[in-house]
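The chain below stands alone and is given as structure tokens, in the form predicted alone.
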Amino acid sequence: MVAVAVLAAGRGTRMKSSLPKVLHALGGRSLVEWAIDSTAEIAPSRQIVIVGYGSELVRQALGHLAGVEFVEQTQQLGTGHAVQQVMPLLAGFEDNLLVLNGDVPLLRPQTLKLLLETHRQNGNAATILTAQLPDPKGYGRVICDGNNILKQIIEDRDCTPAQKQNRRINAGVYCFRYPDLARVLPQLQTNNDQQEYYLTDAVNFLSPVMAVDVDDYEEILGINDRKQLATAYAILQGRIKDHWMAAGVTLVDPESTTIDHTVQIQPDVVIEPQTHLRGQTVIESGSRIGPGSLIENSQVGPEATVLYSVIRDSRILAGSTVGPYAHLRGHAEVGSNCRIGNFVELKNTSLGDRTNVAHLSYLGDTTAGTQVNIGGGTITANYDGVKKHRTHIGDRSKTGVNNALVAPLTIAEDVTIAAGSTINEDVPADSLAIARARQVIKPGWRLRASTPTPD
């Protein structure tokens, strides 16, 4: 068994935010969620998150994760002090404890699996994750022998010139044989400039301690400010886009495209430039997305096209085209082989197969059947100032240009509505509805020049 402790108590003052640092978003999830997710391959028996600043916000944000436990660090007195707070929860625990930071989001699950396997196979009291940095200036150095057995951790300012040539640094991820750690945690002292209890001091009391180098040093990059958050996002995006291109997805311009980790894309999808895919979005095979589109928490069926449009919390079925400059939101659903054209907005609306809304229309709280044609400028007036009401349009019905459909309203099958009509009464099947004032012409009508008024 292995337990996991995630350090997530700090505020992160350099983020310049009232939001706890670990709750800042990266690619569709919070930093601390990334940290927890990185433990997936080791299948921990316990997951403990140490909270402090904004603890209620952190608890709420992680409330959807089953089995996560929380412990409070009311004063942030260092990493050693944070792990001391876990001791009451782990009373009698005899196995291994993995400790990692909640602001290190790029760790791969395979890396933590290797760390734990190395720890177990060598019977170490502690095993620490390390990295070989191209430029380790400012970082404490980890000094090991030829078998990667730890000899010393030295702060950068205390290193000799020879030691400064060592590029191995501490990544801040530890695996401990917990009974050994529990024995030494109470011995930690605050004999340092920060007057804090450091977990690295606990390592000095244990033996043997081994270092495991991570293959890709970018995995251990922490987040302390907005610039580092942006750097991490760029790294994450590189990973995500490499994955999808290897899986058969065409990214015409990867540099201008962003894709959340939670998005699913099938082979033979083409993603055009300036396209952004967010949340629980699924794009099915053969679809073409963009350029210039945002799709969030939505499903796009096979062979569909979305051009210069915004799609949120909606669904588009096979063979339909959306855009340019369309907006689908509030659980809109577009059937197969439909056309949603220029400057069309759908909100909480369902369209049947082969229905067209070609241009300049708003359908809110509307259900339309199959083979319906919505003329340009058609508006469903769904709000009476107090409540929202639905409009129902039957199969094969057609609206004219500049129609206003005042809900609640039912238009049956095979109806035609004349251009310029305002419809506020139900329309029976197979009929023509006309609701507009008769045109009046008054000959000789023009504005006369007004006579100036004397001062």
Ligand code: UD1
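Between two forms, the rigid core is defined as the largest C-alpha subset superposing within 1.5 Å. A residue's number is simply how far along the shown sequence it sits, counting from 1. Not measured: the values here are computed from a predicted model.
The protein also exists as the form predicted together with the named molecule; that form is not presented, and the subsequent description refers to it.
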Should the three residues 342, 374 and 402 be counted as contacting the named molecule in the predicted complex, with contact defined as a heavy atom within 4.5 Å for each?
no
Though the named molecule is not shown, can you say which of 178, 198, 362, 244 has a heavy atom within 4.5 Å of it in the predicted complex?
198
Can you work out which of 130, 79, 293, 378 has a heavy atom no more than 4.5 Å from the named molecule in the predicted complex?
79
Looking at heavy atoms inside 4.5 Å, which stretch does the named molecule contact in the predicted complex, given the options 205 to 213, 79 to 87, 298 to 306, 354 to 362?
79 to 87
Since only the chain is shown here, I'm wondering whether residue 95 would be in contact with the named molecule in the predicted complex (any heavy atom pair within 4.5 Å).
no
Is residue 155 near the named molecule? Define near as a heavy atom within 4.5 Å, in the predicted complex.
yes
Residue 7 near the named molecule in the predicted complex, any heavy atom under 4.5 Å?
yes
Tell me, yes or no, whether residue 172 is in contact with the named molecule in the predicted complex, where a contact means a heavy atom of each within 4.5 Å.
yes
Just to make sure I understand: among 13 to 33, which residues lie within 4.5 Å of the named molecule in the predicted complex, judging by heavy atoms?
14, 21, 22
Compare the position of the CA of residue 310 between the shown form and the other one after a rigid core fit and state whether the shift reaches 2 Å.
no
After the core is overlaid between the shown form and the other one, has the C-alpha of residue 156 moved by 2 angstroms or more?
yes
C-alpha of residue 167: shift of 2 angstroms or more between the shown form and the other one, rigid core aligned?
yes
